[in-house]
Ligand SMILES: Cc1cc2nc3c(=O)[nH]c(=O)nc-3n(C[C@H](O)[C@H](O)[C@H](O)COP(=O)(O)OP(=O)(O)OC[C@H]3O[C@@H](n4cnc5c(N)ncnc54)[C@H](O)[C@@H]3O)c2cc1C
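As C-alpha cells, one chain now follows by itself in the form predicted alone.
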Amino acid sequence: MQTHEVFNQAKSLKDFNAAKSPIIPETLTAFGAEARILEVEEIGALAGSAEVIELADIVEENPPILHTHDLQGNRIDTVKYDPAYHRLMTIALENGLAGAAWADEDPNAHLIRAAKFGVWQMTDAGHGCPVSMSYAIAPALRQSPELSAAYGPLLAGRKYEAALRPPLTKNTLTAGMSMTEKQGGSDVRANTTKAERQGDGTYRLIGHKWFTSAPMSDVYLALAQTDAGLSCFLVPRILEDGTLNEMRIMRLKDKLGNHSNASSEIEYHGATAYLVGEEGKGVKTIVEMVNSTRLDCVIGSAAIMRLGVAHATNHVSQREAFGKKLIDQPLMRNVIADLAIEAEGATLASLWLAHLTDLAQAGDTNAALLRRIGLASSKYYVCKRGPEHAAEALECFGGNGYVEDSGMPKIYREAPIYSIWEGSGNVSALDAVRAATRQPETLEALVAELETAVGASEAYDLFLDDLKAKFSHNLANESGARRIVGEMALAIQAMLLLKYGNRAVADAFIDSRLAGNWGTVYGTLSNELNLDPIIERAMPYVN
C-alpha cells in the first residue's frame, strides 16, 4: 500500500533573480544609476541560480581547515578551502565587488557596487567578508601615497588568484584585517602588539591578535604600538623573496555562523610590515576603512532581510492551511507585509549611504557629513533588526524552517554577525552620538535632510519635531544612546521612503514604526492599512 505521498509541501526557492526586489531598481533610478540596472539584475540571476545556491551550500557544509605544519614538521600556516569557496570568490571579484569601485570612473560606482554586493550577499555571507575587506582597505592606504600607488590598482583588480605569491607579482589582491586583541575588543587603543622600526624603514610586528579574518589574504591591515602610539601597518602574507611572513595561525574560530569564512587567531613573530599613515595616528588612518566595512554591514543586513522575505513568500504562496494558501490568511499577510516593510527600509538606507559615498568622493562636504552620522546610526539600527527579522521569516515555515535543508537556519545564524562586526550595538550607538556632539555640523546636516520630507506625512512631521527636541536635551546622556540613535535611523528610513520609495510602504512604515501603531513583534500592523500593494511588492521572488 502507498503510505508516503508528498503533497502540500512548498518547492524550495531556486533559479530566481535576487535583484528583483522593486526597491533596488527604483532606488538606482532615483539616484541616476538606471543605466546599470541590467548589471545588477545579471548578478541577481546568478546569485539565485541553482548552481550558485549549491556552491553556497557546499561551503557552508565544508568550512576551511587549518594546516599548521607539513609532513616534515615545517610551519606552513595554511588554510585550505573547498573549491566552491574559490568559485564564489572568483565570481565576486569578476563582478567588481571588492576594490574595483575605487578605480571606476562612473559617478555612481559605489552605489552600483553596493547594489551588486547586496544581491550577491544573498548567496553566502562568509566569503563576503574578505570581499568587503578588500573593498575597504583602499581609503586607508591613501594615507601613504607610495603604498596606495603600488597596492591600490591590484586591490581594484577583478581576477581572483587563490595561490599565495609576493603581492606585487599578482594581478589582483585580497585583503584581511588584523585589529582585535583579546584584552581590548573594540577598544583598539588597548592593543599590546608592538611594532619595531628597522633600519630599512620597515617594521617588525610582535604580538597576538584575537581575530584576523581571512588569514589567506595577500595583505592585511594591522594595528600595533610604536613609541608614538597606536599605528597602522600593511602586512604582506608572502615576502618579496617568496617566503612566508613571520605570522603564525594559532587556530580557526568555531563560530555560530559565517562558516565559510576563516576567522583566525594569530601571532606575529617579527612579521615584516609597512607603516600606513603617521606613527601614533592608527585610529585616524583606519577611520575610512571602518566606515566602508560598516557600510557593508548595513548592506549585508538588508540582504539577509530580503533573503528572508524571499524564502518566506515562496513558502507561504505554496503552502495551504485550513482550506487556503497561507499567503491568503489575513494574519500571515500581516507578517509578510511587516517583514517586507523592514527589508525595504533597510535596503533603501543602505543604497542611500552608498550614494552618499559617491557624492563625498566627488567632494560634496554635505554628503560626507550626512554619511558620517547616517552610517553610524544605520549600522546600529539596521543590523540590530536583522536577527529578529530572520527569526520571524524562519517561523513562517513552521517546523520546516528549523530544518537545515530549508536554508532558514543559515540565515538565522548569519544575521547577528553584522551587528557585532565593526563595532557592536553599544559602540555604534555611541559613535553616532559622538558624531552629533563632537561634530555638530553632522547633526545639522541630518536635520536639514530629514526636513526635506516635511509635509508629506503628518505623522512623520510630528515624529521629527519630537526627535529634534530630544536632540536638544538628551544627546549627552550615554545611557539613552540606543533609543535616540534608533529613532534617528527610523527617521532616516521614513524620510527616504517618503522621497524615493513606494507610498504604501512608506505609510505603513511610518504608521507602525513612527506613530506607534504597532505591537511588540512582527505581524502587528494596523488593520486600517491596505497591505495588498506591499504584499505584491514582496512576491517577485516566488517560483
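Keep in mind that what you see is a predicted model, and the values were worked out from it rather than measured. A residue's number is simply how far along the shown sequence it sits, counting from 1.
There is another form of the same protein, the form predicted in complex with this ligand; it is not shown, and what comes next is about it.
J.: Just checking whether Gly185 would be counted as a contact of this ligand in the predicted bound form - the rule being heavy atoms within 4.5 angstroms.
T.: Taking the distances in the predicted bound form, the answer for Gly185 is yes, it comes within 4.5 Å of this ligand.
J.: Consider Ala337 of the chain shown here, and say whether it contacts this ligand in the predicted bound form, taking contact as heavy atoms within 4.5 Å.
T.: Judged by the heavy-atom cut-off of 4.5 Å, Ala337 is well away from this ligand in the predicted bound form.
J.: Does at least one non-hydrogen atom of Asn171 fall within 4.5 angstroms of this ligand in the predicted bound form?
T.: No, Asn171 stays farther than 4.5 Å from this ligand in the predicted bound form.
J.: With the cut-off set at 4.5 Å between non-hydrogen atoms, does Gln439 touch this ligand in the predicted bound form?
T.: No, no contact at 4.5 Å.
J.: Exactly one residue in Pro153, Gly425, Gly401, Gly280 has a non-hydrogen atom within 4.5 Å of this ligand in the predicted bound form; which is it?
T.: It is Gly425 that has a heavy atom within 4.5 Å of the partner.
J.: Using heavy atoms only and a 4.5 Å cut-off, determine which of Tyr274, Trp421, Phe471, Tyr81 is in contact with this ligand in the predicted bound form.
T.: Result of the distance check: Trp421.
J.: Pick from 244-252, 297-305, 173-181, 87-95: which stretch has non-hydrogen atoms within 4.5 Å of this ligand in the predicted bound form?
T.: Stretch 173-181 is the one.
J.: Is every one of Thr27, Val40 and Ala367 within 4.5 Å of this ligand in the predicted bound form, counting heavy atoms?
T.: Not a single residue of the candidate spot has a heavy atom within 4.5 Å of this ligand in the predicted bound form.
J.: Are there residues in 211-235 with a heavy atom within 4.5 Å of this ligand in the predicted bound form, and which are they, in order?
T.: Counting only heavy atoms within 4.5 Å of this ligand in the predicted bound form, the contacting residues of 211-235 are Phe211, Thr212, Ser213.
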